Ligand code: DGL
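Just the one chain here, the form predicted alone, laid out as structure tokens.
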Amino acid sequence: MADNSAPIGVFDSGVGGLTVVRALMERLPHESIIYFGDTARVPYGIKSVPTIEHFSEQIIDFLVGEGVKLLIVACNTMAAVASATILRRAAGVPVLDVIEAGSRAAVKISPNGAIGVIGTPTTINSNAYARRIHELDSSIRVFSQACPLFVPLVEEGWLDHPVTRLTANEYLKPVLAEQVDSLVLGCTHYPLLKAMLRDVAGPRVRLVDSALTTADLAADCLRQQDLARQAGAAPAYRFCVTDIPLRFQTIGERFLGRSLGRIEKVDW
């Protein structure tokens, strides 16, 4: 039986999953969190499926060894191609992921049955969002668009730069032409572009922030499994990475919206 005071484990290939941690801190302020970013081996999107599965196993083993009560896959690439491996390796610890959370939320708010999904090329090519959305409701039409330039633009801090806005207009044009009800932000970097994307998409299209929807799903899971921490408890936050690049602190604090404090380097 898991200890209610145990931390939630959140992991990603790099820094993007800190948007999920930020949402968890706001939604579940009493919960402790361990974040793991595989910064030495990012990006995962250009690697083979067996390699991503192997890296995922290593991360799961680390977090389970730290005694987490819930695992959250904050990396769309890992969720798209390694979910079966992650579930098998989790040793009975409940697992949630951003694709499940985003898909469920989009289906709920798309009355006309048309959903747009934007993400990295690997996530879009995996068809993971479309597949999960169709499992939830086979009548829904899904229009997917890879946006490879968004991640470097976000990491550069160009959140509302004319170049970013121009890029967004080009990427979203074919998706918006399909009269979608909602647009799933299928990458953990994209919530930082939410204000600009809302302008580009227009008021009729509802944005699905996978960080926020994952935090909501986590709250439901903890409540259903009686794993929620007692209100009033002071949370502890740990940030573990496999490398500490010079810009990690700056980029990480932009994603988290607060100071990271001490960063732990994990050596395999």
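The first residue of the sequence shown is number 1, and the count goes up from there. Since the structure is predicted, the reported quantities are computational estimates derived from the model, not experimental observations.
From this point on, the text means the form predicted together with this ligand, which you will not see here.
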query	finding
Candidate stretches 216-224, 44-52, 61-69, 235-243 - the one whose heavy atoms come within 4.5 Å of this ligand in the predicted bound form	44-52
This ligand contact in the predicted bound form: H189, any heavy atom under 4.5 Å	yes
Proximity of V151 to this ligand in the predicted bound form, heavy atoms at 4.5 Å	yes
Contact test in the predicted bound form: T123 vs this ligand, heavy atoms, 4.5 Å	yes
Touches this ligand in the predicted bound form: T77 (any heavy atom, 4.5 Å)	yes
